[in-house]
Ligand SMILES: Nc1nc2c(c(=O)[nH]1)N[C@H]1C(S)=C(S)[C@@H](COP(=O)(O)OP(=O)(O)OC[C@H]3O[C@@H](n4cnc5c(=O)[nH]c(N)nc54)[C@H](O)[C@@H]3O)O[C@H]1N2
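Okay, so here's just one chain, in structure tokens, the form predicted alone.
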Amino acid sequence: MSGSIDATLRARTGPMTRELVLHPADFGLAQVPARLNPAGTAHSVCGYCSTGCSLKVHLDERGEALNLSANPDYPVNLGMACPKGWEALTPLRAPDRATTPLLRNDRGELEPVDWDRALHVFCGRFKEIQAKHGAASVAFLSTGQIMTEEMAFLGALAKFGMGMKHGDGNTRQCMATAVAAYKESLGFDAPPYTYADFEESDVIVLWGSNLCIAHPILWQRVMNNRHSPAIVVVDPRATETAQAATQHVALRPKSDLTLLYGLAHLLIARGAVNRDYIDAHTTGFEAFALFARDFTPERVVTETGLAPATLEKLAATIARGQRVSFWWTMGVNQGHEATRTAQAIINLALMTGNIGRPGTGANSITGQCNAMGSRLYSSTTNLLGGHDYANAAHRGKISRALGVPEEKIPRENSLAYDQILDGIADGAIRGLWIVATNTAHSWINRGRARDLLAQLDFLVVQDMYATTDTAQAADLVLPAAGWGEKEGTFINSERRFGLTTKVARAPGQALSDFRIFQLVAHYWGCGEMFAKWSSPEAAFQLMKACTRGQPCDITGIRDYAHLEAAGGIQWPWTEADEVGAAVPSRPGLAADLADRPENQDGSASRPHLNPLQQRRLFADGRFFTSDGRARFVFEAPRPPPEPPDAEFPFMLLTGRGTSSQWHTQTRTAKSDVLRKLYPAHVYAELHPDDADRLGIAAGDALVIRSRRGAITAAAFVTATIQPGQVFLPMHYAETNLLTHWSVDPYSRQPAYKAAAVAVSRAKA
């Protein structure tokens, strides 16, 4: 605000004028964190990736963060941290933080305004659009980077309070495939594993996952495995992880589904399937086995480009494993037939009985720090707590749990991210509220995405920085606090709720996203509907009520102090689980105390191997489907939407660059240390044979063209990429100028990993 931070904000709702006061505490920090440890430290789960590491935040006498170290007692990272974790405080101190609301003036410039002006414009413009074009003409795009409580508040506020019908999150870009696959195959979006499974497998299959770069702490968990496991990496590139593996299966890009069905064919032919498990716990296997007959070794070799010996060795490795775990990330999720590919991995785990036991599972590793929170609580892909908007009983339950009128809850699911953007092109979506994501950089075919944002009648961006590509396109920017400047929970890949702590002051007049949502509710005139959302911890109690009886039931988690004391808690944790303490119960809990290898040598007393901290699903063979059986789901492979041709002969691959980069580099680029660990400018990996043929030397400037545009990149000549392919790190703004606007039909996740491009040496 332009005046004192004690200023009174007045929201006019009909004939009534109500006051909402912003106190100094809204803009800063209490003298010490609420959960300060005796040694002058606070614990907080990292706000970058989905691993969910705990960091020790060292504080000064005022309770403000000085620096960080890794928490040795947390069951996730066991005292380890990646480069991003060590530098997690640096982005908070960046000079380009958004410190006041910014409104675009008549000259087209963003100028500072106070919160009262910003909120009146926010509500006034969106209401005008809805009055003219209907309530569904305004939508929101959210994120996997804010607290679970903030996600839940945003979804409830936008849909129940503001009348929005459509909203989605940027987790659509990373985890929608896993959601769709798990729901159809297992009956619920339920990753079954715990991180201890990395240490208990005798065969680890990493499918489309560069684990040691994307999730370096999880790679360290693999290195802690005492069973000398076979480590198989299935990836077109010889990634850092592939080079450290015992087997690298360098298949042709986007031939994954053929390979997976071919493996099923070979395992069935070898008799390497668990018929007892299949008969007792699954349905659809006979039809799947008949389908897999067509995927002969000859066909698989032809379509994947693999040598026959490579295929046979992979099948033999899986067949002889006693505890085989299958893990996948974006190499699977970001494809044109991603959902069926993920389900083909699930099929392998089911048919071999490798699920529900230590060291097994069909295991999706999440991308963002709170993508799992978004999947369950953001009210985008589903109603709060994994419920269904189309189910009347579910709507009634959420209405009662939150105290909102049932008629305010939409009766159908939202459009997906790509459909919302297409809605802008069609004129159906006229106003958009983007929270903590950088659409203008990160969405496929970035040029079209930016053009669509420019067509909106009104664009609001709520972010830490006013300098992102998306914020620079906004009509209104709302300055938000970042990780470390607010409290709440994240849910990591293994379903663990972890607590984040407020240890720093947000700069200027920036507010937590939670507080901004409170203000929006007040100014919109629906504040009474959200009176119970008085704090993040109060919101957490509402979230608990929404999960009662669900597979993700967390009614047994008492409060934030409970989470802190327990070292995080994996869902589900019901009231019965809490009462029974050491006795796991349905739905799906499995401590497997007697069978766990760490219990057999007496090491279970180690804090990070406490059985209650390491729990997996489906040990009893009961799934979340109507009949309790897992489903075999399959479909014939389809060709990529844009294969290489004479004009664009290369296949473009994208992926993680280094462990020190994150997404669009909005935060990691603020760190001098992290910037030294990766090239400042975009580079492209090219095979030496292609480089020789094109007259390209290492370091030369390349022109890479697709049907969407052209970019310049430095040549990195390396045999880690196959001939006919080119690789660009996802973090550079140039990359998504080339990617193809295509999505998986079931998850609607973008197919970032394959597009046709041409490569040439740039003219002097």
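Numbers follow the displayed sequence, beginning with 1. Just so we're clear, the structure is a prediction, and the values are computed from it rather than from any experiment.
Just so you know, the form predicted in complex with the named molecule exists too; it's not on screen, but the next bit is about it.
Looking at Glu494, you'd find every heavy atom of it more than 4.5 angstroms from the named molecule in the model of the complex. Although the partner is absent here, Pro253 lies within 4.5 Å of the named molecule in the model of the complex, judged by heavy atoms. Residue contact with the named molecule in the model of the complex: Cys49 places a heavy atom within 4.5 Å of it. Looking at Lys56, you'd find every heavy atom of it more than 4.5 angstroms from the named molecule in the model of the complex. Contact with the named molecule, judged by heavy atoms within 4.5 Å in the model of the complex, is confined among 280-288, 550-558, 392-400, 364-372 to 364-372.
Every residue in the set Ile213, Asn438 and Ala480 has a non-hydrogen atom no more than 4.5 Å from the named molecule in the model of the complex. This chain appears without its partner; in the model of the complex, the one residue of Thr468, Gln613, Thr501, Asn382 with a heavy atom within 4.5 Å of the named molecule is Thr468. When the named molecule is considered in the model of the complex, only one residue from Ala691, Cys174, Val232, Val682 comes within 4.5 Å through any heavy atom, namely Cys174. Shown here without the named molecule, the chain has Gln462, Asp463, Met464, Tyr465, Thr468 in 460-474 lying with a heavy atom within 4.5 Å of that partner in the model of the complex.
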